[in-house]
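One chain follows as structure tokens, the form predicted alone.
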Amino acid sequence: MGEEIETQVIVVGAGPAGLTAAHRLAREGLEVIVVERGPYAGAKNLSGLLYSTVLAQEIPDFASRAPLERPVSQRGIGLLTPEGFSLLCFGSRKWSSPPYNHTWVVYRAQFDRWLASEAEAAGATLLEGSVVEDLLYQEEGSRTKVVGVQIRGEEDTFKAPVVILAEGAVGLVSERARGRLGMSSGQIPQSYGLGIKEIWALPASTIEDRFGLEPGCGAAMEWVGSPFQGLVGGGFLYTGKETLALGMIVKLENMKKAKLSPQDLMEGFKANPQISRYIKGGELLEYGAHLIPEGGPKAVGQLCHHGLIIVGDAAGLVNASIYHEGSNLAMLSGRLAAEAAIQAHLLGDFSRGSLSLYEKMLGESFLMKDLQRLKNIERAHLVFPRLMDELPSRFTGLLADLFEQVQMPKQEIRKHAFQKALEGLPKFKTVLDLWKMRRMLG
């Protein structure tokens, strides 16, 4: 017969959302247990881009202690075609000094472990390598409430008046809880992007030479165009200290419909001459894949119930515009969930009405205001394939034609270049498509 272990809050999942929630709860003196199925926090993650505005509020001196790879002083947006490319690079001197525009390249396996150690130092207890089988419930019907978790293979039960689910995208426990509790879904089903990432080792000096970086500074580039065959999505390149993170994110349903394999798309991206030159001579260290919720605000359903709060990717809180903001939003949702749980403990009220403070604070935050800007992102995705088939080749062709050296007056060169670029385009439909595409900018 197992024991009943009681605590004040249980967090399921030791990613940025769950660990930020645990840190805030422990810092305020609450007993909190974090249950992580991986052997350690971040075990399933590779390198990534981290916006740190929320982290800076939670742990103000993080920049001097966290395992950060490089601050991003240079960003780029590129278009790829089989024959050419165009690349807009931009940056600021301010981005090379504190607070570095709050944009960092991090190695998540190291960063998440550090954040876990911060939560532990604040007083949280981590149970790593432990899989939550299901939630524990009491009462029936609309009064059903969550009162704890059952961990696979454990006779002991873990009980708490508040459970925060931070188990990431496609969480089975979250899905079962929604069904059992009758929690309302979003207006549309959640949709996902498939992210694939490879880590390549290169000397720091080689990385800095190839990206034109000052020592210690970093770059983040996003690419769309021919390697992705008109699908919704694109590729990225992030610079670590002595590694490059190379990858792509492509709409899963789009890829299935086109019957294209992610491996072929990734190989096509790497083989493009403008991309292969960055990783030339490098050693492939590791690779991985992740699903990313990209349905926007209409796919976000009810996020709290009696004794339960859902945060981060499990809640669908990802900005799928060109900003690709996930971890920062996850940390904000974790912090707000913690604040709602703290208030519930002060009141001794763990009902949905009390915990809905979390949804109220989310709605007033920059997170939901940004997501609301993406409420029509699914419609933008419908026009994305057509534009991505044509825009990269027409735009890069226009630039090549404008600067081609021939014995002709420059006025004539410009006239012919623009005529060629616009040839065959239905003007009204193109303007309409571009207007819809602005939703992708968030």
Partner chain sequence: MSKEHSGQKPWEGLQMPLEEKLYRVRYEVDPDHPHIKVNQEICSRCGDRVCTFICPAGVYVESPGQPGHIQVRHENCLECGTCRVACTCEGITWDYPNGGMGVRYRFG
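Numbering follows the first chain given and starts at 1. Since this is a predicted model, take the numbers as computed values, not measurements.
Keep in mind that the form predicted in complex with its partner chain is missing from the display, and what follows is about it.
Contact annotation: L46 falls within 4.5 Å of its partner chain in the model of the complex, judged by heavy atom distances.
When contacts are judged by a 4.5 Å heavy atom cut-off, Y323 does not count as touching its partner chain in the model of the complex. Contact annotation for S142: none of its heavy atoms lies within 4.5 Å of its partner chain in the model of the complex.
Taking non-hydrogen atoms only, T243 approaches its partner chain to within 4.5 angstroms in the model of the complex. Only one listed stretch (274-282, 366-374, 305-313, 226-234) carries heavy atoms within 4.5 Å of its partner chain in the model of the complex, and that stretch is 274-282. The single contact residue among E155, D209, E175, D349, judged by any heavy atom lying within 4.5 Å of its partner chain in the model of the complex, is E175. Residue L291 is the only one of L291, M183, L87, A122 with a heavy atom lying within 4.5 Å of its partner chain in the model of the complex. In sequence order, Y192, L194, I196, K197, E198, I199, W200 are the residues of 185-211 having a heavy atom within 4.5 Å of its partner chain in the model of the complex; the partner itself is omitted from this view. The gap between the Cα atoms of S47 and P203 is larger in the model of the complex, by no less than 3 Å, than in this form.
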